[in-house]
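Single chain ahead, written as structure tokens, the form predicted on its own.
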């Protein structure tokens, strides 16, 4: 197994910090007085600078230091987080990303210009001190009263060898307030055994400051995982405490030791018991409570642990689980063919374990879509500025989870669709005013579960698609026969044809007819589809219908003729029997009465042109997609089947009835039915039947 490159680890962590910084900056535009946002931005900058220096990204550390300094002044209420400052900080964030991704990037005028702009804004926005009068643009943050902290820390033995200088940590603590520092030398060994590069000292620091506890923790953020650190608040009014009380509170000596030294008496609990002020059982109970609390604290701390795992290892794990599921399916089939109870029991146990391992592995790969939606705030912010439009971005369903591979591959298509919606869909403020709309256009991103799918929608409240213009342009380009009648969704699908565009003006963002075909190919590559709904003057909604996962699904194995097929189990509602008598009655109608509701059904034998005679008691599997459902007539329902999805070749790209294939336990291949397409086909038959009366 290849060890992880430390530089790559820094890049991954920096990526998350840069996203955190960007979100904080964008939120600050709307809430410049929010101290939590300012602290969040500062901490991200502080960590990027420190980690960059530690991992040898000196240019990143040096550049970030200037931005961190500016936000330290913001944090202290000396500089206003104005829109100008935030704009420069966003540009600085982009510069940091470039320096991290391409550390060999030479110094450029762009970086210097950003720092000059930053300095000019900081110099110009010094707030007037109290009593000087005048209206400050933003009120300085209220300074809390000073409090005193007791800090004790001991670095890891190899901390200095790993590049940590404890003197710099002490200097950084001194910058927070008035500090008294005492070195603890009790563990320094004799010269004969002393290792000069090891850190044998510990330090006690009494710090009086107005900064919060998090500011102290930030000083140790790069070494905190490998060190001993305690930070205790010293309450006011404790100036007259005895030395014994201080020693006990600091943990340097036990209360019992103090008591023994002072009065040669027994431990407190024993004394209390002997004095008759406490019963032995209550002492035992108090000690048990103390032990319980200590144990629970350790459990909670252990449960909060997390580790970072490279994405490719998760992919490898998923591949191995897929192979295990196929092997388990084969074992189950072999066990069913022999009369050996031990083998059957082992097969059932392996099946249970494989099922649990599959669910656990897939759960690890699922990430909330908020990690994707958050990236588009900057995109909308910049496009609004570039195009002179006012745009409000709203998101819903950010907690919806998708396979991480789907999330990664959705980024570029969504960027393209959002750019198109903003450039072509939303009107200018003047145009919206003429249309009776508010000046700010609205872009809404939403995600929600629907059966085995996740629906991701991009909605704008702009001018909507021009149906007549799209049809005329499609006929002009030979994509449609003249005068052909299509539904809105089918006609709007033309915009995904390569080179198709109705734009009168080509802009730097769109209008050349390039990109939408790539969007469609990418979504179809994810086994997804795109639906379009648009109302003239009111806006457009594009909905991406995506599978929940690309790897393994629970399936229902059925037989039609001699071939076996898999239906996604999440789309199956129920199975009913179709007797020969009912089959005869339904001939020509293709409808079933399911508890009072007429449900159209498809005979898969006819659809797949199976010539072998049908089983006497066929089954109808009722499946649904969205709010619609149809019945699929099969010869036999075999049972549940864990399905490892394999993509079809490019030769089968036009076969809409199937969404993939899988390998069965006996090595045979079964095709996976595309439920969305079959439901659509069933509804078409229903419409034709209704039209025929």
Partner chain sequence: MAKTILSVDDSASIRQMVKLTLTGAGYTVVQAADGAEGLARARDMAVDLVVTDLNMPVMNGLDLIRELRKLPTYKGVPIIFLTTESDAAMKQEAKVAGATGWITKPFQQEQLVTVVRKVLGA
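Here the structure is a predicted model, which is why all the values come from computation and not from measurement. Positions refer to the first chain, counted from 1.
Keep in mind that the form predicted in complex with its partner chain is missing from the display, and what follows is about it.
Trainee: Between its partner chain and 402, 405 and 524, in the model of the complex, does every residue show a non-hydrogen atom at 4.5 Å or closer?
Mentor: Negative, none of the three is within 4.5 Å.
Trainee: Only one of 484, 162, 440, 120 has a non-hydrogen atom within 4.5 angstroms of its partner chain in the model of the complex; which is it?
Mentor: Contact with its partner chain in the model of the complex is made by 162 alone.
Trainee: Out of 222, 492, 591, 203, which one falls within 4.5 Å of its partner chain in the model of the complex, going by heavy atoms?
Mentor: The residue from 222, 492, 591, 203 that makes the contact is 222.
Trainee: Residue 43: heavy atom within 4.5 Å of its partner chain in the model of the complex?
Mentor: Yes.
Trainee: Is there any non-hydrogen atom of residue 13 lying within 4.5 Å of its partner chain in the model of the complex?
Mentor: Judged by the heavy-atom cut-off of 4.5 Å, residue 13 is in contact with its partner chain in the model of the complex.
Trainee: Is residue 55 part of the interface with its partner chain in the model of the complex - any heavy atom within 4.5 Å?
Mentor: Yes, residue 55 sits close enough to its partner chain in the model of the complex that at least one of its heavy atoms falls within 4.5 Å.
Trainee: So, residue 168 and its partner chain: in the model of the complex, are they within 4.5 Å at any heavy atom pair?
Mentor: Residue 168: contacts its partner chain in the model of the complex.
Trainee: Choose from 27 to 35, 631 to 639, 43 to 51, 654 to 662 the stretch whose residues reach within 4.5 Å of its partner chain in the model of the complex, heavy atoms counted.
Mentor: Result for this chain: 43 to 51.
Trainee: What are the residues of 192 to 217, in order along the chain, with a heavy atom within 4.5 Å of its partner chain in the model of the complex?
Mentor: Stretch hits: a single one, 197.
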